[in-house]
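Encoded as structure tokens, the following chain is the form predicted alone, with no partner shown.
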Amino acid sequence: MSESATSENSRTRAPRGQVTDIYRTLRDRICLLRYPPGMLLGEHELAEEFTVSRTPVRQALQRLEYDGLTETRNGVGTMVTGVDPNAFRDIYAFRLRLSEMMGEFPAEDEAPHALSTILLLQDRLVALRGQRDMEAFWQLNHELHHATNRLIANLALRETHERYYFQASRIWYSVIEAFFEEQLADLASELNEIVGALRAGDIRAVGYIQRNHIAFGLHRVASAHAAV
């Protein structure tokens, strides 16, 4: 029997009234597996949580369905979709190509902000060592994604880059605990390399650095699935 979202106890503060904020909160809960595959997302219960009418909740759920994170079934309602192990290679392969395209549409005016953000992420990653806080680690990756995503000037590419990041993150998060220490080291390396590229003013290099680390992640996810 599917679980219901009524028992949600997440640390995420519920936004009040904005469709985009509700969508992002629900998306993060799905990617962090707080809402596991098969969980029913009731419009009424979510509307009460966010203190809004059902209309903005319905709009947020529609966006999640477009992202492939939920599906609506007649007579059942909206539920979180499962992670298809046969699709993850296609998702990761597409992300590799998207990263390679970043340098074709550089938003050079965003580079200083991205650099300052990533320098702060480095400090937070150091503080995380010795802990096994999966959500804090995911949040660092989340903020790194947003910093690099803003380096893409082309809106269509930026939105596609965003969408497939979250599709891939749910797959990645489902297996990360098995190789958490390796992922900490990989993230430290990625941050260092991106800082060097941004200081050199080379956004194209940022894309290729990201591409290489996505490839590392693909290898680890594939290994984890093979071991199951």
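Not measured: the values here are computed from a predicted model. A residue's number is simply how far along the shown sequence it sits, counting from 1. In this text, rigid core is short for the largest set of C-alphas that superpose within 1.5 Å between two forms.
Below, we refer to the form predicted together with another copy of the chain, which is not included among the displayed structures.
- Although the partner is absent here, Glu177 sits far enough away that none of its heavy atoms falls within 4.5 Å of another copy of the chain in the predicted complex.
- Although the partner is absent here, Phe137 lies well away from another copy of the chain in the predicted complex, with no heavy atom inside 4.5 Å.
- For Arg163, a non-hydrogen atom is located within 4.5 Å of another copy of the chain in the predicted complex, even though that partner is not displayed.
- Among residues of the shown chain, Gly68 is one whose heavy atoms approach another copy of the chain to within 4.5 Å in the predicted complex.
- Against another copy of the chain in the predicted complex, the set Thr25, His113 and His142 makes no contact: no member has a heavy atom within 4.5 Å.
- Checked against another copy of the chain in the predicted complex, the residues Ala153, Ala147, Leu125, Val83 give one hit for a heavy atom within 4.5 Å, which is Ala153.
- The stretch that touches another copy of the chain in the predicted complex, counting heavy atoms within 4.5 Å, is 52-60, out of 29-37, 52-60, 178-186, 192-200.
- If you take 94-110 and check each residue for a heavy atom within 4.5 Å of another copy of the chain in the predicted complex, you get Phe94, Arg97, Leu98, Met101, Glu104, Phe105, in sequence order.
- Taking the rigid core as fixed, one finds a CA shift for Arg54 of 2 Å or more between this form and the one not shown.
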